[in-house]
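First, one chain by itself in structure tokens, the form predicted alone.
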Amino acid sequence: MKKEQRKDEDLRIGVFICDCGSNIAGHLDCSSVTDYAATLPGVVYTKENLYTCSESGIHEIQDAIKKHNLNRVVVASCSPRTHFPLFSSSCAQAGMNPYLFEMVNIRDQCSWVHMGQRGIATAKAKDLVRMGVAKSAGLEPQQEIESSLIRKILVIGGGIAGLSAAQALRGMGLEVLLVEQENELGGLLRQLNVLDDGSSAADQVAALAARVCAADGITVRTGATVAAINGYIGNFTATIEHEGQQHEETVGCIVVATGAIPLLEAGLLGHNGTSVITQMELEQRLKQGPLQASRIVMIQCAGSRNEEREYCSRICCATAVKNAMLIKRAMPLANVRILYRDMQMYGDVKEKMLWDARGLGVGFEVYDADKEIQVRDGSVVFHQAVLGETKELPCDLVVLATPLVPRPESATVAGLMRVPTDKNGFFLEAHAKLRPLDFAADGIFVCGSARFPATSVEARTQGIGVAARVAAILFKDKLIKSAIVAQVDETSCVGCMGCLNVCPYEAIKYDSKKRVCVVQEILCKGCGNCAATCPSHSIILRGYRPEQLLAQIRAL
């Protein structure tokens, strides 16, 4: 029935060719492509824009839809990954179903790859536009998928990031369930001496924890763990283990703020917990009172930036400089040396700390990482990279700047939510720059050192940022999802379950009663793996039906 309607439909396709300034027009003849598009079947309107994504360009598309009664729109410009949502939503605002929009990439695939070959780039752009128009003729209107939302958030982890997220979420009127596996809130900050500004870390996090615990609408479960998580964005079901009992909670979003722990490796550079300690152990000694040592050598990058842990922990240099300054201020005659590979004091505040430390008399020595540092009884021997000579520093205390590493249970937590971790075990965000607090899985977010080593300021900022991301979802009346999802034809599906193995989002399940596979539309991301794999061709991806793709190929 639908096919018959499409055949009878009077196609009125509008094609918009974007110059993108000189980005596209500088390398191909956009006017020629525009004239060519006007000759294609079904095309009733064409327009060349200087910038189609600009406000004036969008208005031209919307005006053309209304004035020329367009029922298909094709834009030939840059990457659909960044601009498809803008153009399709603009079509919807003009009254056209957004799924009748098609986009052609003549920037990446023409002007960028054929620079200096104007004729080739122009000819290829015409081919791509012809294919796009052919596909658009077969597009069908779709209805977006809607789902309800539960305005309650599960925060896993009660450190500075988790507490900040919980406080910010509650401040926006949302209900929060905070689960912390330890019996006390605060995370690593409880063990620190002071922060960079000289304030007590424990007092600061304790005050924040007290405000969170006292807030109405925040339920805190310490000594509790998450045993299972099921469901999808807006409707997750979490099983919480607390005091030997399990109970289920339904939440709309999940925030992962499980933090990280300092590396404590037995025997690392002679670590013994007495004369050779870590920066975290030094923090605890400084917290207890005056340091019983006058010659201190701090060694940076101990246990990091090696074959086992290639990453820089980011916060170790600032921690060492802070503690060195504390020692010098308490004991001006103390001899404090920092052995480093390169100091990572990012930001003007920490850069000033480095200069202030030099002013206080803290010594800095750069060592050759290719030559082993020897920690002996009462001295440290290393190769000074600038002078090119081996030096021996007498000392009473050696302090190792070891990196933060993921918590042992991080892999288990990641498995519960089916979210990825990187090669070092930290949770992996969806995109380091564009979506740094999101997971690829919708409705699940990450903040603080669970994502990567962060300072207390960064962890708190990320916690507040996550709250904003969550609120952007849960303040909607309902969840609206793209209709481009897989669809199973139950009449031809043989229930082989091959599609279950290739779905990275676990969006397909097997219906044992009907003996067919079923797509859970709310979980489907429209990747098309199942459609490409199905041996009986029972699965199609909406918007990418075989006849639509074949129309593109035949137009080439």
Partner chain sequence: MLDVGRHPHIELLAYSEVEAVEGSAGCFTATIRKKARYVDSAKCTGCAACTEVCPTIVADRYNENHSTRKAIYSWFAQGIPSTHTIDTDHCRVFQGKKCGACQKKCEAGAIDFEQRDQVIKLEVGAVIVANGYQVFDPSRIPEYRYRDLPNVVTAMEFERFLSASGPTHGHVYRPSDLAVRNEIAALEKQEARARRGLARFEEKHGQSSEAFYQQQRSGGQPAEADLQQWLEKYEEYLPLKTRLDALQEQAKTIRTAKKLAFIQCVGSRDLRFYPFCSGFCCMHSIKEAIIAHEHDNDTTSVIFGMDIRAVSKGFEEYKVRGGNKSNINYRRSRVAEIVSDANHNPVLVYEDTKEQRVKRETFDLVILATACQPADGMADLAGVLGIDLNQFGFFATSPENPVDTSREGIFVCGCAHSPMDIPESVAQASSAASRAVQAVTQANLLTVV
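Rigid core: the largest C-alpha set superposing within 1.5 Å between the two forms. Numbering follows the first chain given and starts at 1. Keep in mind it's a predicted model, so treat the numbers as computed, not measured.
Below: the form predicted in complex with the partner chain, not depicted.
J.: Among 388, 290, 408, 95, which has any heavy atom within 4.5 Å of the partner chain in the predicted bound form?
T.: Comparing distances to the partner chain in the predicted bound form, the residue within 4.5 Å is 388.
J.: Select from the listed residues 482, 319, 335, 90 the one whose heavy atoms reach within 4.5 Å of the partner chain in the predicted bound form.
T.: Result of the distance check: 90.
J.: Do residue 56 and the partner chain share at least one heavy atom pair within 4.5 Å in the predicted bound form?
T.: Residue-level check for residue 56: yes, a contact with the partner chain.
J.: Does any heavy atom of residue 303 come within 4.5 Å of a heavy atom of the partner chain in the predicted bound form?
T.: Residue 303: no contact with the partner chain in the predicted bound form.
J.: I'd like to know whether residue 347 contacts the partner chain in the predicted bound form, with contact meaning heavy atoms within 4.5 angstroms.
T.: Answer yes; at least one heavy atom of residue 347 falls within 4.5 Å of the partner chain in the predicted bound form.
J.: Hey, in the predicted bound form, is residue 226 touching the partner chain, heavy atoms inside 4.5 Å?
T.: Heavy-atom contact with the partner chain at 4.5 Å: absent for residue 226.
J.: Out of 279-287, 133-141, 399-407, 447-455, where are the residues with a heavy atom within 4.5 Å of the partner chain in the predicted bound form?
T.: Answer to the contact question: 447-455.
J.: Whether 86, 366 and 423 jointly form a contact site for the partner chain in the predicted bound form is the question; each needs a heavy atom within 4.5 Å.
T.: Verified in the predicted bound form; spot residues all in contact, yes.
J.: Across 284-320, which residues bring a heavy atom to within 4.5 Å of the partner chain in the predicted bound form?
T.: Residues within 4.5 Å: 305, 310, 311, 312, 314.
J.: Residue 383: with the rigid core matched between this form and the one not shown, does its Cα shift 2 Å or more?
T.: Yes; that C-alpha moves by at least 2 Å between this form and the one not shown.
J.: With both forms fitted on the core, check whether the Cα of residue 423 differs by 2 Å or more between this form and the one not shown.
T.: Shift of 2 Å or more: yes.
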